[in-house]
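Just one chain follows, in the form predicted on its own, and it is written as structure tokens.
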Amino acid sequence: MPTADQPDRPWLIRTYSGHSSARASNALYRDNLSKGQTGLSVAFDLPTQTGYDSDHPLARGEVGKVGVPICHIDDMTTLFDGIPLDRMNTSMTINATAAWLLALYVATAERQDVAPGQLQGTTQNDIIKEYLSRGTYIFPPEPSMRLTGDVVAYTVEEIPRWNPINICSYHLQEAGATPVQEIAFAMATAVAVLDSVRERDDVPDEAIGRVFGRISFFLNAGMRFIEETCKCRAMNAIWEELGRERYAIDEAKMLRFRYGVQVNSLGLSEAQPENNIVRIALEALGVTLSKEARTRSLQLPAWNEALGLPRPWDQQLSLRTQQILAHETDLLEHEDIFDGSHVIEALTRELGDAARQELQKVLEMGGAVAGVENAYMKEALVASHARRVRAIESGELTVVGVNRFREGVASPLTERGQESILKVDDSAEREQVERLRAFRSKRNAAEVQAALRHLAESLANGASVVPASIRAAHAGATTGEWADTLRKQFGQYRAPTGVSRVSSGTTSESVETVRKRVDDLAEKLGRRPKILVGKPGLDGHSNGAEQIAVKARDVGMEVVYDGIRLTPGEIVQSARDEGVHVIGLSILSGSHGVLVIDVLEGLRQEGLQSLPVVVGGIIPEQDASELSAAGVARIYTPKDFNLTQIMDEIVDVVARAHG
């Protein structure tokens, strides 16, 4: 048992990072490792995640903004320059293009004379949650599940210390999932993957135990850290049950529930952002206090992520928070402090029983893939998030500094404005495009085409794409070329939005007042006010857009919402064709400075310059001023939590614009 002299080993300590370029991100990684970080967690930019090269039109404004752009083998080699991959544990948050990024990682390791079998780390590779929450899917569910299975089957044999999938309930909670939904939907995803892999010809029956043992999870931990502790303990129990009862596994090592965590970003506030420092530390307790349910790796967000990209100092603070928890407290010196607690045992049992019922419901409808296609899970998340938003708006749920205890002095941490966050310079995109074009000009085009033909043949023949992808990586194929080869075979997909049958459930006096104003405005306009809610660019985080769409419909507006990943031109065309009275744009990737201006310019070209545009997202003050000067009517950021008030102000905007 652990003692003060011999405490348990701490979890893997990571920070989720990457931006601008492979070289800049490499410098950040090496700096963090020198400060005591023990593993890497790579953030890729949205073009990389959605299978586009940095010079593709859809990548405009998105390159290097929320992660590092990786277009080819030289980018990946630069990213890990000076970092020995045989001694590094690397987590990669990548899903639709997971097979390709794994191939680039393997090829990079081979350039370091490191064999695949020496590698250890994780590809997130959980496509189900992309349809439900994060939006970086490319292909329909069935072929996407095949790609997931290709990675699982390959790594279990060739990279035995690799976690081929990180079942990621983190983003489900960010999309509004309750603890019960987070448990049930994550387990349903795991069952879908395991059942699919079990049917493959290249995975023998005896390998299922090893497959089960390599599956890991990536959880979220919010402020209710007692509940989060119980959630983790319940997942431990349910995972072991699934292993024993559904997959006939009895080896204790393979049945272990293995999970990593990033604590909650949804609850980070733009108002009084220094409060986030306390929130992050407390949230970490929920996944570290209970030894039997302790995370294997932990990454903490930075206190200022509701304002923009964190700086190196901000990431250092999150790193030091983990190190203080692991090395200064006595947390690792004891057995599980919750064993025998009737409170913990009762809440764990309650969450577990409810999650088993919800899991069974999903399985009976055909499993997680069916739950995506029929929109059941998406609608459940949108509804849960609507309840959370309503609770904050009404004051039922307290968020300190946001809807209560708002009085206070200005924070010295943000007094320097734009300098309180990292802003990716616009030159980063230009320089990345120049490097990409230079790389294309020097590679052997015939080798690339041969490798891509081999990839297409592997797809057509039902073979695993991973070996062919590694060959393509060595040959010099790009991310866009790899994804385009798969697009020709699989096509693309647009997931259900989940908003059509969801109501915010709000019936307050303030809501009724806004409904009356909308009714009055409809009478003056001769028809219902109509809002187009649009998400331009590649940002798939649609939670805010969905809640605006739900609230707008509830107050009596007509709503046009076609989901994520629209071009500015498509938004302008839809606004014209639908005859809307106002456009609401939601952008959280930092690309607002380009994409909003593109929409405004498109409206001018169509003679619609009088059509008002409002914008919501993580938008620094200086950027907000520039957007207002360009003609944006209203700008909303995370501090604007009261959706009823936002709707009231949008009524003003429409009334003013339309006389």
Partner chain sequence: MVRSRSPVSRLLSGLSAADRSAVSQALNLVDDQRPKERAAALELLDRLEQRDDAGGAVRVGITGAPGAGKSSLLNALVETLREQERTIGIIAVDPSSQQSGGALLGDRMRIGFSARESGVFLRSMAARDRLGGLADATYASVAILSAVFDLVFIETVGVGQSECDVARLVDSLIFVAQPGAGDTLQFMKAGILELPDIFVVNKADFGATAERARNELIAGLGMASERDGEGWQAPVILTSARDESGIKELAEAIDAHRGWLETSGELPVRRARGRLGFVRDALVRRYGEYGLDHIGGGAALEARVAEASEYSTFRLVHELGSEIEEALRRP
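Quick caveat, the model's predicted, so the values are computed rather than measured. Positions refer to the first chain, counted from 1.
One more form of this protein, predicted together with its partner chain, exists but is not displayed; see below.
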Taking its partner chain in the predicted complex as the reference, which of Glu415, Glu364, Asp330, Glu523 has a non-hydrogen atom within 4.5 Å?
Glu523
Just to confirm, with a 4.5 Å cut-off on non-hydrogen atoms, which of Arg387, Arg200, Arg528, Arg356 contacts its partner chain in the predicted complex?
Arg528
Identify whether its partner chain in the predicted complex is within 4.5 Å of every residue in the set Ala99, Glu158 and Leu486, based on non-hydrogen atoms.
no
Stretch from 447-455, 551-559, 473-481, 583-591 whose residues place a heavy atom within 4.5 Å of its partner chain in the predicted complex
551-559
Contact label in the predicted complex: Glu142 to its partner chain, heavy atom within 4.5 Å:
yes
Is there any non-hydrogen atom of Ser290 lying within 4.5 Å of its partner chain in the predicted complex?
no
4.5 angstroms heavy atom contact with its partner chain in the predicted complex for Arg437
no
Tell me, yes or no, whether Arg494 is in contact with its partner chain in the predicted complex, where a contact means a heavy atom of each within 4.5 Å.
yes
Neighbours of its partner chain in the predicted complex among 557-580 [non-hydrogen atom within 4.5 angstroms]
Met557, Glu558, Val559, Val560, Tyr561, Asp562, Leu566, Glu570, Gln573, Ser574, Arg576, Asp577, Glu578, Gly579
